[in-house]
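So this first bit is one chain, no partners, the form predicted on its own, shown in structure tokens.
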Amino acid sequence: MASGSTAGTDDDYEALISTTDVELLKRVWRNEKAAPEILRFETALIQRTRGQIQLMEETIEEFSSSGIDPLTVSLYQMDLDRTQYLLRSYLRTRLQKIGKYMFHISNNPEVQNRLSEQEKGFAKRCTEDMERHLEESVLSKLPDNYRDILKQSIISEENDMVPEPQLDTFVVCKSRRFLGPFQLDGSDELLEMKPDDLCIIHYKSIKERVQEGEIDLV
């Protein structure tokens, strides 16, 4: 009876591991690490990945208690470790960007919409804590004209004290399908890309295509 249950769990595990979710996670993780700005949170993929991790953990626990070959268990554990690493690194990278660009995010509804609900809460807490810290340690000691957190002085027309992602950063990218010809940002030059073509280019020129899944960052 136990052996039938183990076989059933094994089949479920194999069905999950044969999907492309781990590869999809690897792709969005790589894009997130290489992009200068925060990208859209992949809600559905992250939910599926967490479910897959839970199934892996249950399978490994059942195998360990059933006397399954230790080599088999170690292979399952390697898959689990790899998936957990990708997920944690992906989430950590996003939190680092939120911490770095918190004021930019809080003043940009379009960027806020890319965050998960938990990330929005984190960004709000970071912004409030930083505002309180700056007010107590620095701004309260400055003349009134220089007490704005977002501007150098009250005569500034823009939020010139807010760090923003450098979208003109060069990135290495790879096309997932035939693209083009399309116009590069701020230039009359046209670019055509074939599947798997590698290119070094300003991020802002391919930003939309990265978000649409047509181009991957390397």
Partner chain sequence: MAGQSDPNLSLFSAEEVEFIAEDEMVEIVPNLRMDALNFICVPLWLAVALKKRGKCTIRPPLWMSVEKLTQVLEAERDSQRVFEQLPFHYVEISRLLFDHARDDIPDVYMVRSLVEDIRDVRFHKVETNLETLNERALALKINNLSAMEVNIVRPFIGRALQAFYKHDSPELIPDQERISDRRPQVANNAARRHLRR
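Residue numbers count along the first chain shown, from 1. What you see is a predicted model; the values in this text were computed from it and never measured.
What comes next is about the form predicted in complex with the partner chain, which does not appear here.
I need to confirm a contact call. Of N113, N145, S140, S74, which residue comes within 4.5 Å of the partner chain in the predicted bound form, counting heavy atoms only? By the 4.5 Å heavy-atom cutoff, the listed residue in contact is S74.
Listed residue that, although the partner chain is not shown, lies within 4.5 Å of it in the predicted bound form (heavy atoms), from L39, L55, L191, L150: Exactly one residue meets the criterion: L191.
Taking any heavy atom pair closer than or equal to 4.5 Å as contact, tell me whether I46 reaches the partner chain in the predicted bound form. Outside the cut-off, so no.
Is there a non-hydrogen atom of Q96 within 4.5 angstroms of a non-hydrogen atom of the partner chain in the predicted bound form? Looking in the predicted bound form, residue contacts with the partner chain include Q96, since a heavy atom lies within 4.5 Å.
Hey, in the predicted bound form, does D21 get a heavy atom within 4.5 angstroms of the partner chain? So D21 does not count as contacting the partner chain.
Does the partner chain get within 4.5 angstroms of any non-hydrogen atom of L86 in the predicted bound form? Heavy-atom contact with the partner chain at 4.5 Å: present for L86.
Heavy atoms within 4.5 Å of the partner chain in the predicted bound form: which of the stretches 114-122, 86-94, 101-109, 127-135 has them? Looking at the partner contacts, the answer comes out as 86-94.
Could you run down 29-49 and flag each residue that has a heavy atom within 4.5 Å of the partner chain in the predicted bound form? Going through 29-49 in order - heavy atoms within 4.5 Å of the partner chain in the predicted bound form - the hits are W29, R30, K33, A34.
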